[in-house]
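In the form predicted on its own, a lone chain appears below as structure tokens.
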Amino acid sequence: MYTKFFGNYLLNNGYITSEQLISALEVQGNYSIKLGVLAIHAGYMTSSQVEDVHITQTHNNKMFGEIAIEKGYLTQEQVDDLLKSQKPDYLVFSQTLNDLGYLDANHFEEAFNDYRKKYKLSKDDFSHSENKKLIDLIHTYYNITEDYLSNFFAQYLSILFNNIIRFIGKDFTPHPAKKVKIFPDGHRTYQKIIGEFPTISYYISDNNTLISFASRYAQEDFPEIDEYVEASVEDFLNLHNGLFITTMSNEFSIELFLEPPCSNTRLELNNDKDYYEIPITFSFGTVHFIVERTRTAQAV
């Protein structure tokens, strides 16, 4: 996950252009091998066991290796072995940028070291996606304060990024958040969360990005926007928010509830709330995730 933020660091500091970033993300996605595939090839798990773990992930905010160990499919030693066989994302990203002629190894290393110093990260942090320092990085990257509700906002973003990796892909980079007073143009899906941490989360993108996002999530090629495309994006938002409220209940004993997601329904901005947009650029387009927050929990 740390490599995703690093892509934006390279962009903002003039090492690469936005077009080069998108091109590199697309190529890098071809190199990514999921842990489940590696487990099957190593003879540690069967395809049905991998599918069982994937299904469990839709109801549990845990990484593949954690769930596989809990179910008795893998040992900790086997998970460690599989993780070692995975080339760290930052090395794949470096090789991709070098192969495409966008950034040589020396400049990559220079930028990488500066990035690690800024966010106080070690190289090991880039090799272990379960590292708990991710929350700290999100706090720093998005300038999130340490007040009560802001910590929940950081949890929400952490779960969002993990769910994108699990269900959409690794070929993305998040951009800094910004406060908005008007919604971006595009197809809109949203869902309300009610309770102690009430919010509304939005997915907004152009039509082509919407189709690509839905196709990846549903693992089916959609040729055009129809009710199945809208239902797939609604299901992603519902799944993500469901995992968030489950985490809030299990870890903080806070009960939250979801209203059904909606697509392309007009919902006006509430003047008593703040709205923070988190643009995320994929190889196939940019999605604008927007989260409504109360003004007592300032961030950014």
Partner chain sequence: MESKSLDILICDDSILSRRQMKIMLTSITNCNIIEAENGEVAIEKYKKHKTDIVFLDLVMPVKDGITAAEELKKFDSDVYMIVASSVGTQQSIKKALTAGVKDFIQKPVDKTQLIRIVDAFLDWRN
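Rigid core: the largest C-alpha set superposing within 1.5 Å between the two forms. Numbering follows the first chain given and starts at 1. Fair warning: this is a prediction, and the values are worked out from it, not measured in the lab.
Below, we turn to the form predicted together with the partner chain, even though it does not appear here.
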{"item": "Residue 268 within 4.5 Å of the partner chain in the predicted bound form, heavy atoms", "value": "no"}
{"item": "4.5 Å heavy atom contact, residue 274 and the partner chain in the predicted bound form", "value": "no"}
{"item": "Heavy atom of residue 36 within 4.5 Å of the partner chain in the predicted bound form", "value": "no"}
{"item": "Residue 242: touches the partner chain in the predicted bound form, heavy atom cutoff 4.5 angstroms", "value": "yes"}
{"item": "Check all three, 232, 238 and 249, heavy atom within 4.5 Å of the partner chain in the predicted bound form", "value": "yes"}
{"item": "Contact residue in the predicted bound form, from 190, 217, 161, 183 (heavy atom within 4.5 Å of the partner chain)", "value": "217"}
{"item": "Position in contact with the partner chain when the complex is considered in the predicted bound form, options 167, 202, 73, 108, heavy atoms within 4.5 Å", "value": "167"}
{"item": "Residue stretch of 97-105, 219-227, 134-142, 174-182 approaching the partner chain in the predicted bound form, non-hydrogen atom distance within 4.5 Å", "value": "219-227"}
{"item": "Interface residues of 41-55 toward the partner chain, as seen in the predicted bound form [heavy atoms, 4.5 Å]", "value": "55"}
{"item": "Residue 253: Cα shift of 2 Å or greater between this form and the one not shown (core-aligned)", "value": "no"}
{"item": "Exceeds or equals 2 Å, Cα of residue 271 between this form and the one not shown, core fit", "value": "no"}
